[in-house]
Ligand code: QUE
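One chain comes next, on its own, written out as structure tokens in the form predicted on its own.
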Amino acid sequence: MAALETRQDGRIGRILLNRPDALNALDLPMIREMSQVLVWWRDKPRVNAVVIEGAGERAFCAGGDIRALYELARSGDAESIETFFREEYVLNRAIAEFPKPYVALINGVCMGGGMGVSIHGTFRIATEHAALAMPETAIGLFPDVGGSYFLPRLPGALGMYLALTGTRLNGPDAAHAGFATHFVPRRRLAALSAGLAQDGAAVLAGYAEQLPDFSLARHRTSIDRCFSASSVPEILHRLEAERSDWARETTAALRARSPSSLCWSFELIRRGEDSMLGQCLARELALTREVTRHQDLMEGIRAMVIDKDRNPSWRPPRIEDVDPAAIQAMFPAS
């Protein structure tokens, strides 16, 4: 069974991420094949749009193949790690610059690399069973695949909140936040997919449904107040001043993540506010060279993905112990 299936179907080119047992996680051959087919479809007159979906009901795409990254890091294969990230980011930019409608049908988990092959496209359709997130701080990485570009462009300080906490958004909430462009119930997704092949992206309006209330609406003022702070320790200080259940839960979520990852992710997102996508991706690639040598990434993958004991030992263990100068030194040419 091919991990990636591509074909022309009526007016569209179809991409199927086809590793359902691995939650459709991206590996390098999939990235390369996607890049090649987009080049082919870019100039093919009979392909009016591209539609990407994930196989199975559990995931659109759970991200990059973290287990493979772990093994490469254990073996010291920095060259292969660099190749993976570089080619993934080239694909992200190719999607952003694709001249035809690019439509992602998101049902199930869509995280990390899954966001990279969806959010840069023209339309992102999410169902009530979608779960969109950038959870990288939980494994000691950072919100990449252009996250430093699209996250700071969300309303208020919502992007910084989602970047640091890794909060998951369902389909309606993702549309409210800006991750998705349309909410379509899962029961109508197959009909929408067929309609796209027959009539193109013009059919989207007929399938999108009115959004229910944004579940984070009642916290938006607090999110903007706390996550607009000038540093991660200041975010924690402002959360403490909130004195609410939400603030206590958010503080606990931050305390569970890699302190170093929170700090370099914060700096990355802050720098992305005034940068173009290409600049953000270049900065992210440079940061991977630093982060993939840091103890927290290996420990985070071990604890969350390999052993699954959910008990990582971070170094340093406290946010207050992270050296701000060391974080700044990770961005020498930014």
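Start at 1 and count along the sequence shown; that's the residue number. None of the values given here were measured: they were computed from a predicted structure.
The next section is about a form of this same protein that is not shown, the form predicted in complex with 3,5,7,3',4'-pentahydroxyflavone (QUE).
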> Exactly one stretch in 286 to 294, 59 to 67, 271 to 279, 37 to 45 has heavy atoms within 4.5 Å of 3,5,7,3',4'-pentahydroxyflavone (QUE) in the model of the complex; which is it?
Replying inline: 59 to 67
>> Suppose contact means a heavy atom within 4.5 Å; in the model of the complex, does that hold for all of I52, A131 and A174 with 3,5,7,3',4'-pentahydroxyflavone (QUE)?
In response: no
> Given that 3,5,7,3',4'-pentahydroxyflavone (QUE) is left out here, which of A138, I223, C263, L169 has a heavy atom within 4.5 Å of it in the model of the complex?
Replying inline: A138
> in the model of the complex, does L28 have a heavy atom within 4.5 Å of 3,5,7,3',4'-pentahydroxyflavone (QUE)?
Replying inline: no
>> Just checking whether L16 would be counted as a contact of 3,5,7,3',4'-pentahydroxyflavone (QUE) in the model of the complex - the rule being heavy atoms within 4.5 angstroms.
In response: no
>> Is V322 near 3,5,7,3',4'-pentahydroxyflavone (QUE)? Define near as a heavy atom within 4.5 Å, in the model of the complex.
In response: no
> Who in 6 to 29 is close to 3,5,7,3',4'-pentahydroxyflavone (QUE) in the model of the complex, meaning a heavy atom within 4.5 Å?
Replying inline: A22, L23, A25
